[in-house]
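Okay, so here's just one chain, in structure tokens, the form predicted alone.
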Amino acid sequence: MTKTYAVIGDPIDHSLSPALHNASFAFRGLDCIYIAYRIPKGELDDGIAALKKIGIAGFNVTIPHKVDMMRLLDEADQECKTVGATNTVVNIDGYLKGYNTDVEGFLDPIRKRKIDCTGADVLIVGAGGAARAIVAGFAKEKVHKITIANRTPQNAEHLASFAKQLGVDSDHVDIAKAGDTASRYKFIVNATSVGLKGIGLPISTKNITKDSIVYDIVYMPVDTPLILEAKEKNATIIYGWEMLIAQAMKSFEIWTGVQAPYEAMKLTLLGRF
């Protein structure tokens, strides 16, 4: 019997997950299908009830449901509990177990490059859900200090407090001034949507150097304005699509117990760009 998987969120029509997972199922010869299923904000309970009714095997969770989905889980893994959000769910006869692959997905490209995070100073631009998972990831890797730059100081403060709870020294800076001190940080991470559609810079890039590691979680376009400018400074670059694939691979493996086909996913994703 064909197993059905989905991604839930709103908006959902731009999602690349169906292409990624359907290519992977085909490559591994699995009788599975993956669909995009729009659940508007405020309709999560009814949406999940409907998915249970059709016997959905598992699903990914994206904006705006990652946090709200937590209360509908029967069980959550440690990453979910730490971050307070889930993005991957398995349905076993109506029993929902949640996972968070954002943390490991974020760290995967760093580990692939064998970059040591221990004792590093980090600048994270943005203070939303993605930034929370990134803070949890860096805490795991024993960084020295995390500085948050965000348009809303209150949100930056909340995220800095979260970092401290995880045992990492943290503070926040005015986003307009964040670029002035960029050379102080080993990692500069854009966790905002600035750069999407190739427009805008999250911070000034004048003090990015060849020693900077610039990681932009925006995956479309591949070369965001931040990445293009960082390349000119000969900085080390980590692309958003790498994180996207790492997250998808982990979801695939949680659901199927089969190793995800990295090359098939990469070709599918970059072919879409």
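Here the structure is a predicted model, which is why all the values come from computation and not from measurement. Residue positions are given as counts along the sequence shown, with the first one as 1.
The protein also exists as the form predicted together with a small molecule; that form is not presented, and the subsequent description refers to it.
In the predicted complex, Thr88 touching the small molecule (heavy atom, 4.5 Å): Answer no; every heavy atom of Thr88 is more than 4.5 Å from the small molecule in the predicted complex.
Exercise: Thr181 in contact with the small molecule in the predicted complex, heavy atom 4.5 Å: Contact with the small molecule, no.
Touches the small molecule in the predicted complex: Ser161 (any heavy atom, 4.5 Å): No, Ser161 is distant from the partner.
Partner contact for Tyr219 in the predicted complex: the small molecule, 4.5 angstroms, heavy atom: It does: once the small molecule is placed as it appears in the predicted complex, Tyr219 has a heavy atom within 4.5 Å of it.
Candidate stretches 194-202, 108-116, 74-82, 166-174 - the one whose heavy atoms come within 4.5 Å of the small molecule in the predicted complex: Careful reading of the contacts points to 194-202.
Single option in Lys145, Arg151, Lys140, Lys186 placed near the small molecule in the predicted complex, where near means a heavy atom within 4.5 Å: If I apply the 4.5 Å criterion carefully, the residue I get is Arg151.
Interface residue in the predicted complex among Val122, Ala131, Val103, Leu96, criterion: non-hydrogen atom within 4.5 angstroms of the small molecule: Selected residue: Ala131.
Non-hydrogen atom within 4.5 Å of the small molecule in the predicted complex for each of Ile63, Leu244 and Gln247: Per the other structure, all of Ile63, Leu244 and Gln247 touch the small molecule.
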